[in-house]
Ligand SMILES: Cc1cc2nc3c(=O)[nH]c(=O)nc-3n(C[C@H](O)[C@H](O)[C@H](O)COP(=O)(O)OP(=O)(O)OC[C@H]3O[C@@H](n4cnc5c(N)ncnc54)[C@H](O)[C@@H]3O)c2cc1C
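Single chain ahead, by itself, as structure tokens, in the form predicted alone.
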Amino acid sequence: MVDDVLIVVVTRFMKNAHILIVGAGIGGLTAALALQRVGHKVSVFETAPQLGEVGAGLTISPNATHALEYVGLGPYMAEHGDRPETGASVHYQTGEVLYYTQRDSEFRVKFGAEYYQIHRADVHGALADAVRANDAGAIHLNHTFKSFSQSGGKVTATFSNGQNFTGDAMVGCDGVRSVVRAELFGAQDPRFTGQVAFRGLVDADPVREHIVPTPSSTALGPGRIFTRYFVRNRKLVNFVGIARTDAWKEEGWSISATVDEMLSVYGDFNEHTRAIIKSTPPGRLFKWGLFDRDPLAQWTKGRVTLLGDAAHAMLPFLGMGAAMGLEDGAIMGRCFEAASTIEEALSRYEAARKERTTMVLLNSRKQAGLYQSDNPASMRGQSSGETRLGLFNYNVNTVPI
């Protein structure tokens, strides 16, 4: 007689790995917080001398809300995020609703998470505070990334101030002009897309009568769109206008613009659009050229990978740029929690994210042509690109990794 033998297989999960994160934007800080959540140490390196985000609004769609809830910012968003009851795309001249993007605050019921609109700096600040609450010394300012090396299962990052830091892995979250990406795969400048964006932030009270027909809307016109919505408990109105152009000679992505300059592009839009633009105080209107890159064949080499715009810079026509970085960060946390090695974690992460982000990147390009059609009335009765593509259905908590 042979006694039964119980065999127990023990899986050793990683704990206390040290992850270097280059870039303290929204994506990088989300990744940092997600990694802290699952028991790892992070060191975040930022070029700027102090943390801060531009004075602009941000849409947090249900898929992005899931990511913020994963890292513990659900209560913050519920308190500080504006939830538009309805949203629509409208004709640029008549203001006619061409189609509704949402009705009756339906997103929580349909997708399990809210749709928020919020000041970008508020989200950024909340993420930074949460990272520092876990580890007061996690964020290193005045550190401009220069290069890295890998040896013996470690990654060493070198910064222009002469300092070096060594960790178990490194994540490049340093934007569309990523130096980490260039170090991994060779330097290649992002491509100008033939689009220029204007953005402004105005007090809500003087223009409240012009916030019609819905609290959140995008006016569609030939070669141009104009999006506006409330932030900060409906005390401010954020707006973004994106227009096709044949020339862009400016460097930088946040350059002062004038009201007259923007009106010269949007002068044939309806009175409500023009009134909002005219209300912009001096120093609160900016412009920048839109750049993107083709999808990468791979994101990872050894123990170094990319996240957010560094991996998949995309146009804003689906409103998914920040959302993809938020998703990346949350999924990275899940992958490190599930994996037994650094290599496995990064392999899971890239496999989980590359197909989705490539799909969104390519469709963001296509959406520009639909939104900026020479015949905006042709969009009557259509649905938003996000709805058509099912982008809001993605949940970082449940997708396979």
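The structure displayed is predicted, hence computed values, not measured ones. Residues carry their position along the shown sequence, with the first being 1.
This next part talks about the form predicted together with this ligand, which is not shown.
Answer option from 26, 335, 342, 42, heavy atom within 4.5 Å of this ligand in the predicted complex: Checking each option against this ligand in the predicted complex, the one that comes within 4.5 Å is 26.
The unique member of 299, 229, 107, 266 whose heavy atoms fall within 4.5 Å of this ligand in the predicted complex: Looking at the other structure, the residue within range turns out to be 229.
Which of 140-148, 95-103, 257-265, 202-210 sits within 4.5 Å of this ligand in the predicted complex, heavy atom basis: Going through the listed ranges, the match is 140-148.
4.5 angstroms heavy atom contact with this ligand in the predicted complex for residue 240: Within the cut-off, so yes.
Contact of residue 322 with this ligand in the predicted complex (heavy atom, 4.5 Å): So residue 322 counts as contacting this ligand.
Exercise: residue 329 in contact with this ligand in the predicted complex, heavy atom 4.5 Å: No, residue 329 stays farther than 4.5 Å from this ligand in the predicted complex.
is_contact(residue 58, this ligand) in the predicted complex, heavy atom dist at most 4.5 Å: It does: once this ligand is placed as it appears in the predicted complex, residue 58 has a heavy atom within 4.5 Å of it.
Residues from 174-201 in contact with this ligand (non-hydrogen atom within 4.5 Å) in the predicted complex: Residues within 4.5 Å: 174, 175, 179, 197.
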